[in-house]
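Quick heads-up: it's one chain on its own, the form predicted alone, in structure tokens.
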């Protein structure tokens, strides 16, 4: 029954998302796209933090790899967005394999600091390789060409309303894929590693291989979000690789809740909406935004979703008795 309720809720949310471009204005459509991009980034990241217990501060590097991978492919090879997204994800995966191989040998603070160091190395390379990446100006001129299926069918994505459904497709696919991964034997093994890595190793689980695999998977989702943002904004920027951008999925996961799939999604919506609202009322929005985030994260220790779930369970408990 619970599974049926979850499926029904997912269907309602998907229908509501499909209705957004027809019922809302351009700015709301743009915000919805930003929320979905952060949602893709966050649910992929939560496989690493929430499911496996590894804290990374370098995922902006994979986000940037996706953006620049799509940009270089679109500018020099083919403008087909599907191939461009595939190239961006492939670039993120290759970088994640390299970085992950060197980082997963360590855990806890050492892992976090190594990923931070690699992320800032990528940022520095993008910033200084001006002749290749455009430096601080970024990679500009990325166009939204029609999605072509081998010349048989072309779907335009030039306007924001058209591109919205392109992002929605990948958002729904990402959420479904992460749900399947979390419920699979692989996902259960990751949860065991999070709870007790040494016991999992004694049980025959190759802990380092599993950590590397989930690190690469998480990097692939970051690359997907980055490639889609490059298409949305028509550019790729070096600050996509900065540690401040890497911190966003961490904040979103803590805000929504680490223990569930819906936590990072709810956190993404709260994060984007709250930032936009605060920016409208004060010039010192970063200060107030940080204060509000701290209050929410400290007040909802299990995240918004975790706290509300616990509240409803307690409320339902007397009736069950």
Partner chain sequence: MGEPLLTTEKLSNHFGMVCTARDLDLSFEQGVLTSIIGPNGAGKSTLINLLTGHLPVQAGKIRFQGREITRLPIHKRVRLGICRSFQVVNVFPELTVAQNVMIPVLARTGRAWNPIRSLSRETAVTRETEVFLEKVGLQGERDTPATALSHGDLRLLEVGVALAAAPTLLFLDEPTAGMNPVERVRLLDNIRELACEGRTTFVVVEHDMDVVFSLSGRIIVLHRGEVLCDGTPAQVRADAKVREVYLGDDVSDLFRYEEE
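On a predicted model such as this, the values are computed, not experimentally measured, just so you know. Numbering follows the first chain given and starts at 1.
Here the subject shifts to the form predicted in complex with its partner chain, a form of this protein not shown in this document.
- Only one of the listed residues (101, 186, 83, 169) places a non-hydrogen atom within 4.5 angstroms of its partner chain in the predicted complex, and that residue is 186.
- With the partner omitted from this view, the residue of 148, 159, 196, 107 that lies near its partner chain in the predicted complex is 196 [heavy atom within 4.5 Å].
- Per the 4.5 Å heavy atom criterion, its partner chain in the predicted complex is contacted by stretch 207-215, the sole one of 74-82, 207-215, 240-248, 161-169.
- Residue contact check for residue 220: none of its heavy atoms lie within 4.5 Å of its partner chain in the predicted complex.
- Contact annotation: residue 143 falls outside 4.5 Å of its partner chain in the predicted complex, judged by heavy atom distances.
- Within 4.5 Å of any heavy atom of its partner chain in the predicted complex lies no heavy atom of residue 174.
- By the criterion of a heavy atom within 4.5 Å, residue 181 is counted among the residues contacting its partner chain in the predicted complex.
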